[in-house]
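Here you get one chain, nothing else, as structure tokens; it is the form predicted alone.
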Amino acid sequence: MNDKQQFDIAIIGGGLAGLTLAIQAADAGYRTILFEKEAYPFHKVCGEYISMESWDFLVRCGVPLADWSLPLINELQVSDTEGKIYDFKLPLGGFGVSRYQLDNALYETAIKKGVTVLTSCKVTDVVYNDDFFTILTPATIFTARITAGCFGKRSNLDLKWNRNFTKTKPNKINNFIGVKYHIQYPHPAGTISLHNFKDGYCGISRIEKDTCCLCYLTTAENLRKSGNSIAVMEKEVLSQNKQLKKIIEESKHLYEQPLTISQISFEQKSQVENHILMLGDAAGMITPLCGNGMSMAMHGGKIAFDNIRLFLTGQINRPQMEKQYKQQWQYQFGLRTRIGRVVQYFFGGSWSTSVFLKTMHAFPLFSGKIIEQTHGKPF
């Protein structure tokens, strides 16, 4: 195997976790390779709201956020399944930006910093042996001392490795589909709205260029009952909420077909699998109602890199690195994901959603604490 195929760090998946980890590794002088099955730039099913905890980190990674004139968001609006609205403050707040623009900017930065990025390249397996990883792709084999799995919500590797969450029977937190559009609609720039409907909820917020991201999550069963037609489901299910009905009828779609993803699971996941450090959605997802999955992915990448650096400089061994990463990930995100799973159970039902929102609205200290738990601190 020639020298060009050997790396210090291999990263599988070029989303926010993978790209920001690659940039940190390159800045520290490590030979880094990143594998991404798509070709940049591309759209992703994502709510595209990022809490302010990530702003400074992204700037340090080379993203010129201040030059993009992004909408700053500090209000949360939630409606029950009929469309009754409840308003809440977002103390930390956030901003809206498309993954199309953000991921591409990070990709270009990673290339400039010397990261080897293989796009349109799917990793078929990773094998750990004798303190090294062998990464298999259809065309070539690579080796690395560290491998990070940043491949999203569900991948071929999850199934190949028989990860625990893939074996759980369908239930209320593991059998969702996601649907996303970019639309033109006069939504307030400083507000993110979450509109409930039967067995699902839809978020809308502004991103760059006076565009809105409309993204919703619902059960696979809802789609099946609608004859597997997204249009029918939006008309017969989502439109029972008068807020969503107005958006669906009056918005202009900016691409012909929605982006979709299936088999979304909010089950607990392991942060280390076969000695591979798992990041982003591969490590554990927070429900969109609690937001900040993107911030969690990037913060997780920073935590991972801090421990990777200690390992590569000989300050800790591999078991210590894996243990510290898991402990620090759980410390930062364990409570967030648990709260997200609890809140998930209250939404999507007419009675439960209404009662929960009335309680949240009537007790602002309580609602403030819940919202605070879904937003971390700057890192």
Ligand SMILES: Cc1cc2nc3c(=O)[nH]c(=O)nc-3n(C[C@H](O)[C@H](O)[C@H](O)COP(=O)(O)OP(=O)(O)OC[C@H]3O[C@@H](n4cnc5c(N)ncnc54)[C@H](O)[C@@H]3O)c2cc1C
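Fair warning: this is a prediction, and the values are worked out from it, not measured in the lab. A residue's number is simply how far along the shown sequence it sits, counting from 1.
Beyond what is shown, the protein has a form predicted together with the named molecule; the following relates to that form.
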(request) Give a yes or no on whether each residue among 14, 36 and 264 has a heavy atom within 4.5 Å of the named molecule in the predicted bound form. (result) yes
(message) Please identify the residue among 270, 168, 229, 156 with any heavy atom within 4.5 Å of the named molecule in the predicted bound form.
(response) 156
(request) Work out which of 89, 235, 84, 122 lies within 4.5 Å of the named molecule in the predicted bound form, going by heavy atoms. (result) 122
(request) Flag residue 42 as yes or no: does it have a non-hydrogen atom within 4.5 angstroms of any non-hydrogen atom of the named molecule in the predicted bound form? (result) yes
(message) Taking the named molecule as it sits in the predicted bound form, is residue 49 in contact with it (heavy atom to heavy atom, 4.5 Å or less)?
(response) yes
(message) Residue-level contact is defined here as any heavy atom of the residue lying within 4.5 Å of the named molecule in the predicted bound form; does residue 281 satisfy this criterion?
(response) yes
(message) Since only the chain is shown here, I'm wondering whether residue 292 would be in contact with the named molecule in the predicted bound form (any heavy atom pair within 4.5 Å).
(response) yes
(message) Within 4.5 Å, heavy atoms only, one stretch in 105 to 113, 216 to 224, 245 to 253, 76 to 84 touches the named molecule in the predicted bound form. Which?
(response) 216 to 224
